[in-house]
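First, one chain by itself in structure tokens, the form predicted alone.
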Amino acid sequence: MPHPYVLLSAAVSLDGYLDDTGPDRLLLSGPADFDRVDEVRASVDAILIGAGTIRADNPRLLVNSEARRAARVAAGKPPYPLKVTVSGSGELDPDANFWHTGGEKVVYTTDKGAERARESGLAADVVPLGPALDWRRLLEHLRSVYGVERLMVEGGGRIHTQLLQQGLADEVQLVLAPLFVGDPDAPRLFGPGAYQSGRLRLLETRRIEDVVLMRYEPTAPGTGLTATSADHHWLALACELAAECPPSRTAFSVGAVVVAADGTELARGHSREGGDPVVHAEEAALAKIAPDDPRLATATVYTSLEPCTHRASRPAPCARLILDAGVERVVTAWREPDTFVAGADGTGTLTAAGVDVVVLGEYEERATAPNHHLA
């Protein structure tokens, strides 16, 4: 995965505004949603906001729940996520709350902005990205240097817009508040321009007091299907699991992972797991999940080899097991060759039944490596 899983989080009025033009911040949601946001913050490795949001709202960006901070520490993480801001000019107030609460901080800026930021004596790492801000380079640096796998972006609207327009957002969590702002000078969530996100795929809707949370996944324009950075991460893991399979000359070595829509790993498995000479990877993983688990309907099955449609060892092939589980999305690395079954077409079987199938061919070499002896 070249960069972290990028989650955009915002609350807006019914007419699409983030705030009004008054001196105080407009509170668009209430205590229950603030607690949900706190839960999301506790689940990520870093939180990013723009310099404009620091100036306008002076946020602290903390995980407020002591229990959630303790859970992070128990999992080997710092109590607070890394706090990240972006400023092209490097002009930042060193007295803002951002710098004096929570854990570690980092500023991404331009070469010229880095000089100003360092002169300000900010309590943060200062990272220049060159003559101009480069979002891809920023995200890659966050992952490679700071180990950030999940990034929560809390604004402002310009940053949300840029990430969506450049196809770098993996999820949008949008809270809709039952009020109108109606001021054309107030800040809006999304600005004009060309977006690479296509039609967004709805993952969840949830009522929280008097607001509604909507979770969306961007998709590729015109297809409804795309691969996110999270897809790369989980498919790479599936390929690693394939390498753990006991060797066989009569069956493929395959790895599989089932992941919930919120990024939680539900189960993993690999061929011939647990000494069963005929168990398939998807079968092994799905068997570890309760069949009535509501998360299956929005989960993704990551498998290093296209799910099988025919098998002699068990009554149900893996494509049928996936359909029976209610899973509606599959990401795979390698289409099944005719080595054991002629004309296998797990992708066709699944898509005909309404399942979204994404094939990431760049992982085919990793997926085939444990199977080279079968060629």
Ligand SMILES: NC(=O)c1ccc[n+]([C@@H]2O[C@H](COP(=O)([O-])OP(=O)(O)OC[C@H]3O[C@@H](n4cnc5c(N)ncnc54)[C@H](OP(=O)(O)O)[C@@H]3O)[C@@H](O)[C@H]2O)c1
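In this text the structure is predicted, and so the values were computed from the model without any measurement. Each residue number is its position in the shown sequence, starting from 1.
From this point on, the text means the form predicted in complex with this ligand, which you will not see here.
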*asked:* Given a 4.5 Å cut-off on heavy atoms, tell me which of 267-275, 130-138, 249-257, 69-77 is the interface stretch with this ligand in the model of the complex.
replied: 130-138
*Is the gap between residue 156 and this ligand in the model of the complex 4.5 Å or less for some heavy atom pair?*
yes
*residue 51: heavy atom within 4.5 Å of this ligand in the model of the complex?*
yes
*asked:* Residue-level question: is residue 367 within 4.5 Å of this ligand in the model of the complex, judged on heavy atoms?
replied: no
*Distance check, residue 103 to this ligand in the model of the complex, heavy atom within 4.5 Å*: no
*Answer with one of 314, 55, 60, 310: the residue that has a non-hydrogen atom within 4.5 Å of this ligand in the model of the complex.*
55
_So this ligand isn't shown here. In the model of the complex, which residue out of 182, 88, 94, 147 has a non-hydrogen atom within 4.5 Å of it?_
88
